[in-house]
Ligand SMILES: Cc1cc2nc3c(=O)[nH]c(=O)nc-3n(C[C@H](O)[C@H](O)[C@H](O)COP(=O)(O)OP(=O)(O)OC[C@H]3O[C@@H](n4cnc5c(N)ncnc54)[C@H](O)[C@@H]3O)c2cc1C
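In the form predicted on its own, a lone chain appears below as structure tokens.
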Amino acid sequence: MEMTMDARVQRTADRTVDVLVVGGGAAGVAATVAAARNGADTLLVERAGFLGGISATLPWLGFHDQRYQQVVKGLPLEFVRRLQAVGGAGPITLDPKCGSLVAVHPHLWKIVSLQLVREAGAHVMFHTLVTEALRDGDRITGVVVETKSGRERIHARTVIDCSGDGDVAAMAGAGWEKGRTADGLVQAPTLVFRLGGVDDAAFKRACQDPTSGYREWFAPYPDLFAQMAAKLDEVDTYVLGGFAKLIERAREAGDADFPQTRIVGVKVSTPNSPQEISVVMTRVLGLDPTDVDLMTEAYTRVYDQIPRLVSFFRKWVPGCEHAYLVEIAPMLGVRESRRIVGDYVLPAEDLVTGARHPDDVAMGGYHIDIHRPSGSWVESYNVQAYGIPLRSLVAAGVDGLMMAGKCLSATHEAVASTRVIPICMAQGQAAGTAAALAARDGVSVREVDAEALRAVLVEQGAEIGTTLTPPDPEEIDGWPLLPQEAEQTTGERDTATTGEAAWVR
């Protein structure tokens, strides 16, 4: 018998949990697994019908720093090992700019991530939209959600916002920032797609050609480029970037009608998806990720760019003459949205100097990689292995609210490093563990003993800087080391992105 609308809305009772995680992307999966494994009654709510978010569509960058120290371990590394065991990930490969990367089969990661969450004893609600945050004075006590079963109140001792957009924090009235200080613009977003049918040998030869402009960071260092070119013979997964002159020639011929001046992406290979290119070249500028009209227009623009980019690859890129579209990511890759203001706002200076904090609960070492908010290409600054303090995962002025992922408490520049998938997962493990300890001890997350938390994280395999070891000389032999000084890049408001077609507002 069909229920009436009133009966449907009223049928679901309130529920109460120790830890509520909102958002099932990389950070949310890690937070959920960590909280549940540490004994907390944990619920994960996700608006889509799968787990993994954007981490189910991209290679994972940044397990190592730019000196090849492994700064991310714990759950992120466990997830990779689990994927490798089922043919869903290749080996972790070093990279002089991004530290390291691993190719992940998108659909196997969706399967494995759900298995890990369920094995940990956590509960999941799919197709669930958070519509309201519940507060009691200065404390967030839960959320209201809408599902196909109706409206429900979920009460929790701790809510962890892993929405990427800081949605829960905004609803709860917590402080947040967005975009760069000068104009409020956020990093350019991208809808990633994958190409199959790539002739790996021909494509690799083009990358190894010193006149191609591949990895233009190496232009001042021909000896380092030669090292990198030699390493490409040993790996199947490697970062792409550059080829500016090739795109310039294509644009002059009328074959590059898209707002991008470089080939950006990753050549990927896993046992189940060999010889593909993950293309990270669609682009729109001026997006506010919290504005539904602008988001809709952004999707329209980037979907329109994909056929043009596929044609460009087939006509102009060596080894891609027979390339074909394999898959388009189910969601736009938004690199930056709301950043929740926490008890500590992580600045770029901490990353550049490799700062450590007494309450560090995660680490990162990925370069500051700003996809220019008003231009093409990227602005990059090298960093040293840095710590992420617990205070950057605790919302300021609100009790019971944590965050992990790209909405952590950091500046526009710092989040350009902390936003990559392994570092987001490390944040998630820390937040989930902290929330579980708070539930166990009957305290707020702000009252959790930082040293006790750090001890648990180390015991469970996370890297917080206390067990960091130098890289194995044999493993890094032959890999180039870029100088620490920042490279100069171009592309702010260049000809490819000054036209109206590049902007959504």
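We number the residues from 1 along the sequence you see. The shown structure was predicted, so the numbers you read here are calculated from the model rather than taken from an experiment.
Beyond what is shown, the protein has a form predicted in complex with the ligand; the following relates to that form.
With the partner omitted from this view, the residue of 267, 335, 262, 194 that lies near the ligand in the model of the complex is 335 [heavy atom within 4.5 Å].
Interface residue among 253, 85, 182, 129 relative to the ligand in the model of the complex, by the heavy atom within 4.5 Å criterion: 129. Although the partner is absent here, residue 45 lies within 4.5 Å of the ligand in the model of the complex, judged by heavy atoms. The ligand is not drawn, but in the model of the complex it has no heavy atom within 4.5 Å of residue 77. Taking the partner from the other structure, the ligand in the model of the complex has no heavy atom within 4.5 Å of any heavy atom of residue 103. Contact check for residue 162: a non-hydrogen atom falls within 4.5 Å of the ligand in the model of the complex. This chain is displayed without the ligand, yet in the model of the complex the stretch 59-67 from 451-459, 59-67, 437-445, 469-477 comes within 4.5 Å of it by heavy atoms. Using a 4.5 Å heavy atom cutoff, none of 95, 213 and 228 lies near the ligand in the model of the complex. Taking a 4.5 Å heavy atom cutoff to the ligand in the model of the complex, the contacting residues in 394-432 are 404, 405, 406, 419, 420, 421, 422, 424.
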